[in-house]
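Here's a solo chain for you in structure tokens, the form predicted alone.
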Amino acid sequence: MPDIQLRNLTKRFGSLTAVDGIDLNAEHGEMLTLLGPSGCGKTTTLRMVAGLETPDEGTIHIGEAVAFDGSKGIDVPAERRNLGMVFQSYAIWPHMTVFENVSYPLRMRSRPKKEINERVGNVLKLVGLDGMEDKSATKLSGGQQQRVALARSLVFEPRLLLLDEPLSNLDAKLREHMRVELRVMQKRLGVTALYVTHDQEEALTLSDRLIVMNQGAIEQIGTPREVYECPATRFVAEFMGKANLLDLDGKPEALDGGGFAVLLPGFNGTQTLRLGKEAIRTNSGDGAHCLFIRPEKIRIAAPGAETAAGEAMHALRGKVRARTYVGDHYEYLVAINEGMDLRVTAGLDEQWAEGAEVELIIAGKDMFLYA
């Protein structure tokens, strides 16, 4: 049975619907991440699971227990939901030592002193703070304070771990290190975790599955690879990573067998791309059409270069407008007509001068049509 089940969960603040009837499950031992821009409803969702906000509609199940069901008058208090929570601000008490901070949940539960000492010792070792029990919280670095907050949330062995952008206050290098540490620790413990972030790289690194939210609704649920490589909606395509999104003037032409022909104006006349029916991602109903291609899925080559055999490949003629060195690769801006550019990622062994005529080789399977 899933450790978290949300059904039709809704939260309104006046006329604003912050969370709009969402459904989701978090399986046992899973790291499930709520990802989206500010104001999309991800933190409000987390706070409803924690019992810090009261939903207007819907149900929350934690394991087999009902934590909230407004229709039945059930609203279990936060302290009885057996949840550990790590906040963005850490919420470390500066007047307490590391031991006192971490042991606080156990002392509030009136656990025996021997048990407290044993559990605190074990969890501090787990987060790499053993030997620092007597240090003042005010003398800790940002990374160490984050570890104290994590240890405090784990010491009473919660069923669920809720994390609200816990790494956002760390510097870039420490944040990258703590992503790996947090992922390893969560898997070692086998605890189910619900993680909130607006950082795409963080979400891709940490998650078993991602939930991309927008304006209180869920746009897509999937593994990091599924969400990144096959975005379900134009919003996800624009939000996740770097993308080429080409707005099309005309309507794609239907082909026999269910595919589509997309016409792009080029320097040497109209270029035709033939896409399979699996390339269609959404139907917005507004008549707009947009072609999506990741920069790293495009190969830049000399005009007339042979394409790989056995694949449905397309070659678009273009001119290099700009080249940028980014350390381990180059990024190119290639014009395929006077008003349409494609961003292309290429290795350091490939160098194309500005103004060079090139061909962009793209597999049909790497293009999606939002219609």
Partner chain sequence: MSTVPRSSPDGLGADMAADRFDLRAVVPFRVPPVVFYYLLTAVMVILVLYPVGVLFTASVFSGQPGRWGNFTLEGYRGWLAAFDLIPILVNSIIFASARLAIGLVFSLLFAWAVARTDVPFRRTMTILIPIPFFTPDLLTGISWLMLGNPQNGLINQFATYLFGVKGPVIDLYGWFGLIFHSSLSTIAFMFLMLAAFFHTMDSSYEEASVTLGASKYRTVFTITFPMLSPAIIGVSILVFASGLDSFENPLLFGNPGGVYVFANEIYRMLNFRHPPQYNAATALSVILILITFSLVFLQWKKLGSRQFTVISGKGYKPNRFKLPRPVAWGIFAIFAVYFLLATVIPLTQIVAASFFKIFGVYKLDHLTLENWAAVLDDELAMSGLKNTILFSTAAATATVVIGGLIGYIRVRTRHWLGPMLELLAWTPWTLPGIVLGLAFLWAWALPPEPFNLYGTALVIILGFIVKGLPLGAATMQAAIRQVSPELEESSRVHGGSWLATMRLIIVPLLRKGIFASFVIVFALSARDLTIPLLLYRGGTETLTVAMLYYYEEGITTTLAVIAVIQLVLVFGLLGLERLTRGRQVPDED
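Positions refer to the first chain, counted from 1. Values in this document were obtained by computation on a predicted structure and should not be read as measured data. Whichever C-alpha set is largest while still superposing within 1.5 Å between the two forms counts as the rigid core.
What comes next is about the form predicted together with the partner chain, which does not appear here.
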Just one stretch in 336-344, 45-53, 321-329, 31-39 has heavy atoms within 4.5 Å of the partner chain in the predicted bound form, so which one is it?
45-53
Of 132, 290, 218, 106, which residue is found within 4.5 angstroms of the partner chain in the predicted bound form when only non-hydrogen atoms are counted?
106
Out of 82, 136, 272, 223, which one falls within 4.5 Å of the partner chain in the predicted bound form, going by heavy atoms?
82
The partner chain in the predicted bound form: contacted by all of 115, 118 and 153, heavy atom 4.5 Å:
yes
is_contact(residue 26, the partner chain) in the predicted bound form, heavy atom dist at most 4.5 Å:
no
So, in the predicted bound form, is residue 78 in contact with the partner chain at a 4.5 angstroms heavy atom limit?
yes
Though only this chain appears here, would residue 302 touch the partner chain in the predicted bound form if you measure heavy atom gaps against 4.5 Å?
no
Just checking whether residue 95 would be counted as a contact of the partner chain in the predicted bound form - the rule being heavy atoms within 4.5 angstroms.
yes
Once the core is aligned, please say if the CA of residue 137 is shifted by at least 2 angstroms between this form and the one not shown.
yes
